[in-house]
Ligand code: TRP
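Next up: a single chain in structure tokens, the form predicted alone.
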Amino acid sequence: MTERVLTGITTTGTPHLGNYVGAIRPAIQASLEPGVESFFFLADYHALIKCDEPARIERSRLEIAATWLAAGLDPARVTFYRQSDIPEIPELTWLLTCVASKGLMNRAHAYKAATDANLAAGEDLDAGITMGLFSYPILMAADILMFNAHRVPVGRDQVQHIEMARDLAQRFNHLFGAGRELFVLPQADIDERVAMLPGLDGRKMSKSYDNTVPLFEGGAAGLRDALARVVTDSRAPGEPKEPEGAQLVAIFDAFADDAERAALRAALRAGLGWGDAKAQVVARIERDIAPMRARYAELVAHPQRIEQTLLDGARKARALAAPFLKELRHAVGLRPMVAVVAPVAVEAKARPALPVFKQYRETDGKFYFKLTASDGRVLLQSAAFDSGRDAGQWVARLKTSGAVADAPVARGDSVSVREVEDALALLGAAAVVSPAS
């Protein structure tokens, strides 16, 4: 059975080591597994919740797309797209909103953090909180459920959102599935060792805390300068140091193998200075990052290539999303209006085919009409009129009076007056027949 894996990054800033370790790298590794179908997206709708700077969002989308491609993402193997290029996602968001309880949204971490901050500041509980922030988990659920992802690589702080997506999927299935599982229930995929990379100050690495280590920005010097600011204890070189719990060691662990981890721990316990330890951490990370940094610079220099890659990915994504959304619309009752019970067919009496008046305008700018029989022969051909209204008035007069003697018309070849009068009489009779008769 094919397993779907999906993840995305909000496009509000420059990618940092935490993004790479917590989301990008595990997602790319998962995409290489046999039997895995992978979906990767730029969460630019999510960005609008946090950022009202268009230039920043525009730049971030480019940088994050280039980062993923530089880190080894293969667009031929995966589906790589922008969230905003998939119109089915906001529509699914609304369908899920209609089954989401407000109580569930009240418990979302981001909303609670915002209300707690307002409470501490003595503000109104919901001051500055938008509906985008409040319903953020529903949009994230739509991202996941749109493609029925089985696994979602996330940091531990995002696990609640996966649980909410499961809740919404179960609710929707119960209400509208009619015994079918329209949505699969996603699972959070966490690497326990590096799920939440610490920042320079020991808290989770986050742009919100201004404690990030750049992934590519600033080159090797930028990486070195950032890691030099990692907070350590005051033990001097030569003094034994406890590596467990040190954020510098946690950052190192995210890149090192088991043997390298053991070696650094032993060296610190033997008295390795923090400065020398930081140099070792920089060197180890640089081994992985330097080749990617060169690819990243090439991609950013040619944004049109990234744009085409994302458009190709959107086409692949919509080929799945559009028919699935059609199925979901049908499930909730948004269906084509067709008769529930087909009416009993009533055999109708055959009616003779009617002659037809046709009005038209020629290249000379004049207006004309003609009367043709059911077999296509021209019965009457009008003279030229200066306006379509004049031509139309004569058509109406002929239909009602049936008199052609004073009309500006000529009969067709080998057409008798009687044949024309019979045709006009047939049209006149048809005009007074009730549609229900």
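Since we're looking at a predicted model, the values are computed, not measured. Numbering starts at 1 and runs along the sequence shown.
Although not depicted, the form predicted together with the ligand is the subject of the following passage.
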Residue (of Leu168, Val152, Leu197, Val281) lying close to the ligand in the model of the complex, criterion heavy atoms within 4.5 Å:
Val152
With the ligand left out of view, choose which of Phe80, Tyr136, Phe252, Phe147 has a non-hydrogen atom within 4.5 angstroms of it in the model of the complex.
Tyr136
Candidate spot Leu6, His46 and Asp143, all three touching the ligand in the model of the complex (heavy atom, 4.5 Å):
yes
Would Trp68 show up as a contact with the ligand in the model of the complex if we use heavy atoms at 4.5 Å?
no
Would you check, heavy atoms only and a 4.5 Å threshold, whether Thr93 touches the ligand in the model of the complex?
no
At the 4.5 Å heavy atom threshold, is Thr212 in contact with the ligand in the model of the complex?
no
Given that the partner is absent here, does Lys50 sit within 4.5 Å of the ligand in the model of the complex, heavy atoms only?
yes
Counting only heavy atoms and a 4.5 Å cutoff, which of 154-162, 239-247, 325-333, 122-130 contacts the ligand in the model of the complex?
154-162
